[in-house]
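There is one chain below, alone, in C-alpha cells, taken in the form predicted alone.
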Amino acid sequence: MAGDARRRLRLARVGPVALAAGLTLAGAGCGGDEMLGPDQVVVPTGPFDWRLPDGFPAPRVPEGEEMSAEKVDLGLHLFYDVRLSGNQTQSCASCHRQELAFTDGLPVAEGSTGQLHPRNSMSLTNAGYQPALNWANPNEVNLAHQALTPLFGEDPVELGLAGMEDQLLARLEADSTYQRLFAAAWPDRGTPVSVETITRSLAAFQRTLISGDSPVDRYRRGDRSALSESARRGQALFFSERLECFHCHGGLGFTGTFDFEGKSAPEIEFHNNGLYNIDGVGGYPPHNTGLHEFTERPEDMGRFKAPTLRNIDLTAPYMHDGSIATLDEVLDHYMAGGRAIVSGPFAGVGSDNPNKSGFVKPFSLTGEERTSVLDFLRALTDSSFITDPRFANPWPAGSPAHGSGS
C-alpha cells in the first residue's frame, strides 16, 4: 500500500528506538510520580460519556470517527458474536477474554481453523490510547482498519472470513437484534450493515475499554491504604534508575506507546529486550523478527512494542511469543539483562544481543525487594475493569451469537 510505503520511509528517517515525534521518556526521577498523567487533562467535549477514571484524558479519536453510545453497543454485540468467524466458532472475545484483561491465557493465539499464530494475544486494556496497535507493526494505527486483519487475514488465519464478506453481511442482516442495532448506530446509512460499519463499530467499543482503577491508581488519588508497604517499596524500585523499568513502561499507560486527546504528538516505541540472540549478532526466530519485518534495518531486529503493564498479573504468559510463563520468570529475565537459551534452534545469549535496549541491563534484588516489585506489579490489577458489565457478553444464552455449542 502506498500509505504503508510512506510510513516505512518516515520510519527509516528516525531513530530505531523512539519512532514518533515528541518522544519523551517517562521521567528521570523516582518514587512513582511518573504515572500521574498529563499536567492538564483535556475535558472531553461532545455527547459521548467516556466515564473516564479521575486524571485520565480521553482517547484521541480519529477524525470522522465520532463516538456514540449506539456504535459502542453495536460494537459490543459484534465483539462477542461467533458469526464473525468463517466457521462460526470464534468471536473477537475468544482471544480477548474480559476476565484475563482481554487476553486469552495462551502462549500464542489460536485461530478459528486451529492455526497457531506466531504471537501472543495482546491485551485490549486501554486499546484506544494505543497509537500503534500490534506487537511490531508501526503502520497499524487505526482500530477500525486493524479489525480487518483478524476478520479477513489469511496469514495467519484468525476469524477466517476471507472471501466470505457477503456471507458475513447476510448473517448479520438476518438477525433482528442487528437490524435494530445497525439502524440505531448508523441512522444516515441507507444500507447500514457493511464491512465498514462493522469495523468502525468494533473500534468504538474497543475505545471504551479503559482501565484506571487499580490499587496503584487509587493510591495515586490519595487513598494511602490502597497499596501495601511492600507494594510502595516496589513502586519506588520500579521507577528507579537502578531497575529502569519505567523507561519502557512508564506514564499513565505503563507503556511507552501512548496517545490521548490533547497530547502534542503520539509516542510509539519499540525495544529489543534481549529475549533471543540465535546467531550471536542479534538474530531472532524467523517470521518473528519484530520491527525489522517492516523497516528491514538490521538494528531493528527483535524490536517489539513494550505492552502496557496494567493488569499484567492477568495476562500470562508473557513476551511477544508467550515464551515466559510467569511474572517471577519475567523478573528473572530482566535481572539477568536478557535470556540465555542453552540448546535448541534458538540457543543464544540474549543479554549479549547487540541490538538490546540500553535500559535492559543486569541488576540484583534482595528477596524482600523482589517480593516488593512483584507486589507492585500485581497492584496494577483493575478488578472493576474485568468485571464491568459494560464490557461483558451481552448475548443471552441460546443465542446464535454463541454458536452451535451454546
Partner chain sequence: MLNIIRTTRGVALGAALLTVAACEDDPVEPAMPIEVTLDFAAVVDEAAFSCGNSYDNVGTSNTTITPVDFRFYVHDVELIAADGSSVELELTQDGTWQRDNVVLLDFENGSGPCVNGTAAMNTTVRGTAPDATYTGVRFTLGVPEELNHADQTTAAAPLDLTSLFWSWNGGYKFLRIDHTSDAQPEGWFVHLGSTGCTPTGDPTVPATSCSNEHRPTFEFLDFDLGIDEIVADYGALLANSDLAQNSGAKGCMSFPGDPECAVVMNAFGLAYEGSQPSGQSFFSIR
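Values in this document were obtained by computation on a predicted structure and should not be read as measured data. Residue numbers count along the first chain shown, from 1.
The same protein also has a form predicted together with the partner chain, omitted here; what follows describes it.
Practice problem: Heavy atoms, 4.5 Å, the partner chain in the predicted complex: which of 226-234, 94-102, 194-202, 73-81 makes the cut? Say which one. | Solution: Of the options, only 194-202 has residues within 4.5 Å of the partner.
Quiz item: Though only this chain appears here, would M301 touch the partner chain in the predicted complex if you measure heavy atom gaps against 4.5 Å?
Solution: No, no contact at 4.5 Å.
Quiz item: With a 4.5 Å heavy atom cut-off, would you call Y334 a contact of the partner chain in the predicted complex?
Solution: Result no; Y334 lies far from the partner chain in the predicted complex.
Self-check item: G282, heavy atom within 4.5 angstroms of the partner chain in the predicted complex
Solution: Contact with the partner chain, no.
Quiz item: Within a 4.5 Å heavy atom cut-off, is G253 in contact with the partner chain in the predicted complex?
Solution: Judged by the heavy-atom cut-off of 4.5 Å, G253 is well away from the partner chain in the predicted complex.
Quiz item: Which of L169, A183, A325, L148 has a heavy atom within 4.5 Å of the partner chain in the predicted complex?
Solution: Filtering the options by heavy-atom distance leaves L148.
Self-check item: Proximity to the partner chain in the predicted complex, single hit among T177, N139, T89, S240 (heavy atom within 4.5 Å)
Solution: Among T177, N139, T89, S240, a heavy atom within 4.5 Å of the partner chain in the predicted complex occurs only for N139.
Quiz prompt | Triple contact flag E154, P266 and T295 to the partner chain in the predicted complex, non-hydrogen atom at 4.5 angstroms | solution = Affirmative, all three are within 4.5 Å.
Quiz item: Are there residues in 151-177 with a heavy atom within 4.5 Å of the partner chain in the predicted complex, and which are they, in order?
Solution: Contacting residues: F152, E154, D155, L161, A162, G163, M164, E165.
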